[in-house]
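The chain below stands alone and is given as structure tokens, in the form predicted alone.
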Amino acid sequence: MVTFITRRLIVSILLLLGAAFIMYQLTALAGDPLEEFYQSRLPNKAQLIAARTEALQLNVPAPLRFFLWLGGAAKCLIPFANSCDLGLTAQGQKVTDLLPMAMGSTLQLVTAATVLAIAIGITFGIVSALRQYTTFDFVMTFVSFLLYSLPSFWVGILLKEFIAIKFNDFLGDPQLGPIWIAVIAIVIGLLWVGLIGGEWRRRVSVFIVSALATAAVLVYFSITDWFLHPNIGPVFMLIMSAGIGLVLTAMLAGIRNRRVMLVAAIQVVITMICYFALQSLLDISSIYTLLILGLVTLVVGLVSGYLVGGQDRGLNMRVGALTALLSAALILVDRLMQSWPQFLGQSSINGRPIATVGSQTPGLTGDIWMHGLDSFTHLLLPTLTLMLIGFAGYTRFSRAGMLDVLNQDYIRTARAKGMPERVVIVRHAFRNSLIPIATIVASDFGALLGGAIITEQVFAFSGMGNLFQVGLRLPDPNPVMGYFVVVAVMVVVFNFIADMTYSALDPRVRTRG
């Protein structure tokens, strides 16, 4: 293990140095940073030229300038020294002062998009593989290829028009007509039919139940003015948390495993108690309070799974922790919804909450829930843009990986032994189908950081993309290199994590030298 890690670190450092040198030279030779001053008639023209020359060290040849920059960047490796120096921008600002805010915004955007794309894409890809050559499979294939072929800026423009503008207009009179209710109910019914499958009688039953349930919920939303005063409420909280526990139990252990079912039921009961008991605490909460509550939730889920006992305590603990965390997330979502009317009433929002530009609303006042809603409404469209494109790739790769695994001899052997289909899929096929996905996740995360440049431009999102474009337009190598350092380090780190994931997913992979 030590030899493997050392070898990978040495190779990664050499790659970073070579790529950094090439990037610096290309940026430095892309144009003249002083060109804007040559035709200027300002009286202090000479002083401006001298100041920029000194700030960017333009009197030093580009190859030597790179090593000066590298010497400052190397100081970033010294812990607690606070001596990191990535140079100055053309405006005299330190790149190290600009990077944290830009990096935080972009990582927030990219992380949310990547997690959602992975979770949704793998889910639909595996279901598509299990329903091979069915209508659901054909529809998912068409949708994934369509999304994969669309450029990110075009997807962003479509989302601006049909989600932001249309939904903001809809909030002026949030009533769903019978036609819209019927269309949405039919679409949801068909989606559930595709996910569950089975013989035609089962499909008809699933379609009728899901369509009628969807229609009833939409009618309830219209009657109660839910879109202006949303909430989950205790009834839906009980139904949704119980559904989470049931689905996790069915997937990971099987419905007949009574101990795991008991663990999930305990988490549902605790969730309902906390839903009523924590409302006053959530009203005065901060981000640190929520982190502490999240840690307590995780511990409660693990401990309850351990105390229930049985032959497989690890399985009990996993189901308990996942059920507790996901159910706790519902409580936080409900609390966010409770702040929605107050958020809409803000003069800076003006009744149009879904933002099309920027990362925050200027002049917005309020508690953590108000600012949370503001961040959500600003991140929604750019996150959806990146998620839809990533979803398309993960769907195709997970489908292909699952189909390949299902044709392996050990899967046929497991079925021949009489193992339940759930065990064959979840414990054998699913784990092995994730091996190629691990490589894609590692490369896609770095690619998303680079691809977010276009998305950030479409939504005027101040992140790493904006920093890169400002530096490239001048050109100014220092902010470009700041962008490069973050992207390159992320790619190297996630590829290293992917190698570690291989050994966890596939026992045949060894990390010894």
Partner chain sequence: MKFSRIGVPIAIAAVAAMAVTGCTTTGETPTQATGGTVTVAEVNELTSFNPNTPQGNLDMNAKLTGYTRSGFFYIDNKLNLVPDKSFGTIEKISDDPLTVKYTLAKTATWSDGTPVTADDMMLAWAVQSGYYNDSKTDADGNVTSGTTYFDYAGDTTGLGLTSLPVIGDNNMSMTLTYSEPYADWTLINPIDAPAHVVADKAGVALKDVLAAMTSMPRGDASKPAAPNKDLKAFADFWNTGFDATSLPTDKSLYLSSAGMVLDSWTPKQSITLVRNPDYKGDLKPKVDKIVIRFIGDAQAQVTALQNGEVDLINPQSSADTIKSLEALKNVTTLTGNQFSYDHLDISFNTKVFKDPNVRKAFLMTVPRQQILDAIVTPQNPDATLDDSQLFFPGTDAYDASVKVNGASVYDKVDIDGAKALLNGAKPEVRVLYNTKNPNRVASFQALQASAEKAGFKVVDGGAENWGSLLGSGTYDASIFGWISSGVGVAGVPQIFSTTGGGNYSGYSNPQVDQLAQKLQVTLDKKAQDDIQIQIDTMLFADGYGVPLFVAPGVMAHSNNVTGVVYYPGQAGIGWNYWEWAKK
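Only the largest set of C-alpha atoms that superpose within 1.5 Å between the two forms is called the rigid core. Just so we're clear, the structure is a prediction, and the values are computed from it rather than from any experiment. Numbering follows the first chain given and starts at 1.
Omitted here: the form predicted together with the partner chain. The next part is about that form.
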Should Val405 be classed as touching the partner chain in the model of the complex when contacts are defined as heavy atoms within 4.5 Å? no
Within 4.5 Å, heavy atoms only: does His378 come near the partner chain in the model of the complex? yes
Close approach of Val458 to the partner chain in the model of the complex, 4.5 Å, heavy atom: yes
Does the partner chain get within 4.5 angstroms of any non-hydrogen atom of Ile284 in the model of the complex? yes
Full three-residue contact with the partner chain in the model of the complex, heavy atom 4.5 Å, for Gly243, Glu421 and Asn432: no
What is the one choice in Ile354, Ile437, Ile331, Ala414 with a heavy atom within 4.5 Å of the partner chain in the model of the complex? Ile354
Tell me, out of Arg335, Arg203, His371, Arg396, which residue has a non-hydrogen atom within 4.5 angstroms of the partner chain in the model of the complex. His371
Heavy atom contact within 4.5 Å of the partner chain in the model of the complex, the stretch among 217 to 225, 114 to 122, 191 to 199, 94 to 102: 94 to 102
Sequence-ordered list of residues in 29 to 43 near the partner chain in the model of the complex, where near means a heavy atom within 4.5 Å: Ala30, Gly31, Asp32, Glu35, Tyr38, Gln39, Ser40, Arg41, Leu42, Pro43
Shift of Ile349 between this form and the one not shown at or above 2 Å (CA, core fit): no
Quick check on Leu58: with the core superposed, does its CA move 2 angstroms or more between this form and the one not shown? yes
Did Ala460 shift 2 Å or more between this form and the one not shown, C-alpha, core superposed: no
